[in-house]
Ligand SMILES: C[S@@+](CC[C@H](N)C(=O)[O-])C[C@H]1O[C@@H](n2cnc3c(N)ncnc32)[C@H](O)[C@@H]1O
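In structure tokens, the next block holds one chain alone, the form predicted on its own.
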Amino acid sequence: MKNNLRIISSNDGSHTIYREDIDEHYHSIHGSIQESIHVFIEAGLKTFIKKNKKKEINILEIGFGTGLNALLTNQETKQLKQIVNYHTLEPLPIECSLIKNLNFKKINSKVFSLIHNLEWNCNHSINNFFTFFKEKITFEDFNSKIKYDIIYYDAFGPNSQKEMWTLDVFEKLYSLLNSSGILVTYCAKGQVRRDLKSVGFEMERLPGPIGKREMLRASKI
């Protein structure tokens, strides 16, 4: 996949990666970092912590990609002193030769390099608050006995990866959440919202990050 990928700058100065074969960016071209903070940290992690007092939180990320969401989550767990067990799935890892040129390293260069160089399919303790497990697997093949409190749903959009936005996928996501769990995603398409609702989620349309009118947060009833 290497030849299909190239680094571009987004509007907040941070990088994203463009995947030519499916005409998709890994992050918003309006700002990679601001999008991740808005969708996954503010609407996901921080919202859950405010509503639920749990010693440990389990997070499942669909789409490890550049590692930006994991990097930002690690940063927040230390500030909030919140224990997080982070499990991320990625069937097509980006080669380290490309990753090392991304400018997310300014957030925490040591941790950024660490999470990409750690062995796949193993659990790692990054610090006292953040454990990290990256699994090279498709969501279709993924199964878990663990239930999650938050799902970061960061798959490519329905236009280019429609198999990730089906009722079967949403039913599986619902089953992976704890009863108080939430799913957050940048995608706010009407059909996605209706399908999530049809499998049992309680839906919220929230203001989107810069460049997007809305995003979605789904709560398990």
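Throughout, we count residues from 1 along the sequence that is shown. Because the structure is predicted, anything quoted here is derived from the model rather than measured.
One more form of this protein should be noted, the form predicted together with the named molecule, which is absent from this view; the next part is about it.
Undergrad: Please tell me which of 183, 45, 68, 39 lies within 4.5 Å of the named molecule in the model of the complex, judged by heavy atoms.
TA: Going through each option in turn, the one that passes is 68.
Undergrad: Looking at 118, 83, 92, 98 here, can you tell me which has any non-hydrogen atom within 4.5 angstroms of the named molecule in the model of the complex?
TA: Selected option: 92.
Undergrad: Is there a heavy atom of residue 107 lying 4.5 Å or less from a heavy atom of the named molecule in the model of the complex?
TA: It does not: once the named molecule is placed as it appears in the model of the complex, residue 107 has no heavy atom within 4.5 Å of it.
Undergrad: Do residue 63 and the named molecule share at least one heavy atom pair within 4.5 Å in the model of the complex?
TA: Judged by the heavy-atom cut-off of 4.5 Å, residue 63 is in contact with the named molecule in the model of the complex.
Undergrad: Determine whether any heavy atom of residue 197 comes within 4.5 Å of a heavy atom of the named molecule in the model of the complex, and answer yes or no.
TA: So residue 197 does not count as contacting the named molecule.
Undergrad: Determine whether any heavy atom of residue 114 comes within 4.5 Å of a heavy atom of the named molecule in the model of the complex, and answer yes or no.
TA: Residue 114 lies outside the contact set for the named molecule.
Undergrad: Looking at the named molecule in the model of the complex, do all three of 174, 178 and 218 come within 4.5 Å of it through at least one heavy atom?
TA: So, no: the whole triplet misses the named molecule.
Undergrad: Note that the named molecule is not shown here; using its position in the model of the complex, name the residues of 20-42 with a heavy atom within 4.5 Å of it, in sequence order.
TA: Read in sequence order, the residues that approach the named molecule (within 4.5 Å, in the model of the complex) are 25, 26, 27.
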